[in-house]
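Structure 1 and structure 2 below are two forms of the same protein chain, each written out on its own as structure tokens.
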Structure 1
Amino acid sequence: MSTHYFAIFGNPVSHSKSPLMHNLAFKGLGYSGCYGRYCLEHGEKLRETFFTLGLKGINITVPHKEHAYNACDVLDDFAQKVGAVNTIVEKEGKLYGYNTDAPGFLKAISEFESVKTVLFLGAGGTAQSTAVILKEAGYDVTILNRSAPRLEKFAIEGFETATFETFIPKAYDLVVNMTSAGLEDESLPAPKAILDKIIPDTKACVDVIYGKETPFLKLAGSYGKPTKDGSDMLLYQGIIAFMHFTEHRFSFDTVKLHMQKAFE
């Protein structure tokens, strides 16, 4: 079999764990694939760059997930619905687009039992796709954001929404940091006074940021709550992307065996 080439497109991409994750799985599974990284400055050049580089598939990270959506010839139902693509596979000259972030997140939180109500802190693109998949899976999701404009879309889709000013605290089974607060600074995703009201009543706290204990997770830990960072979400979105890349030749658990070594 000839070697298939894959890459992560984004800006920046130097920090991405995806090359390590996918290359470990290619090697472990004896699949002739090679995965690199490409810093794409202009999202509108995504399609042209894909074909110029002769790739079989890509993952797409910040800030190009909407450009990736527009670059595809065929979209799966879920990617179509949420308007964001993080995985593209080339088949017979056509680009097929998928969103694996949201199913990755859904799987990552499925380990928390008897969770029904979820509070999202943040209303960006990641919050949007994950809120939709959680709703479809039967969760009751509320969106809390520091400013109003991004909440409009959620309200139209039937989610309960609030800003810090309008929020009335109540008990949620799970509280999730869906912002980048804490990624490169020491900020909390919401005022501490609000978090001090909701964290004591929650079963667990989750952050989509990975590789560090954010101020949000530290605060949750100080209340003795179980916490989880974004590593499993990253791993699971990668496994699902890998399954698309290799046309479902390998099962989720088989890919996991190899890909999870990137986190050891």
Structure 2
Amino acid sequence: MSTHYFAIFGNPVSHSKSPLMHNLAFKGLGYSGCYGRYCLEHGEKLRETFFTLGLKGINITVPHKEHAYNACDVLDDFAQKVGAVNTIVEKEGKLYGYNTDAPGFLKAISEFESVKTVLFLGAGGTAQSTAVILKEAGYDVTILNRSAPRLEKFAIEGFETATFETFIPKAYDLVVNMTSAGLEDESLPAPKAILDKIIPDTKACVDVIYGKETPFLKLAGSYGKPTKDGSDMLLYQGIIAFMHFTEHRFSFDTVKLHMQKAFE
């Protein structure tokens, strides 16, 4: 059986846990696959690079999710709706695009009880896809972002939006950092003055960054709030991506059994 090759494309990408997750699952399930990482500097070369490397599938992380969307020949309904792709699979020379971030996030926050209202800090590609799936699942989502232009698409789709200057604080069940603030520095995703007004009234705080206690989560912890980093979201989106990579021959729980060892 020939080996299929997979990778994660991003910049930076050296910190990614995806290769460990997928290779543990390939080995544990006896599937002939190998998963690596590729630092892609120019997103417009994503498609060309994919075929040059002879890959069967990729995951895409920041900052190339919109380039990934444009590189695909075929998009599934949800990826088409949200305009963001983080998983691509090659089938008979065509690139098929999927979004596994949003369903992964939905599954991760479903573990919090009685959450109805959600505030997103940031308006990038992950926020875009996740806001749509949460809205469809019955959550009330507000988007807070530094600048106004990125908020236009959310406003058109019926989301409540605000910039740091126009934001009027109120109580939210869940506050989520959807930015990379705190990944490689000590920055916060919004001015501390705003966070100090909303965190005391929230039930829990989530950060999509994984593997470290970000300044945002530290601040939430100082208020005694339950917190969750992006590890569950990463795991769940990875499982769904793996199922696409392997043509759904394995169940979610079967893949999880092997992939979750990357977090132990």
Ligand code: NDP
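What we label the rigid core is the largest C-alpha set whose atoms superpose within 1.5 Å from one form to the other. Note that the structure is a prediction, hence the values are computed from the model and not measured. Throughout, residue numbering runs from 1 along the sequence of structure 1.
Enquirer: Is structure 1 or structure 2 the form predicted in complex with this ligand?
Expert: Note: form predicted in complex with this ligand is structure 1; the other is not.
Enquirer: Comparing between structure 1 and structure 2 on the rigid core, is the C-alpha shift at Phe50 2 Å or larger?
Expert: Passes the 2 Å threshold, so yes.
Enquirer: Answer yes if the Cα of Val13 shifts by 2 angstroms or more between structure 1 and structure 2 on a rigid-core superposition, and no otherwise.
Expert: Yes, the C-alpha position differs by at least 2 Å between structure 1 and structure 2.
Enquirer: When you overlay the rigid core, is the Cα of Tyr38 off by 2 Å or more between structure 1 and structure 2?
Expert: It does shift by 2 Å or more.
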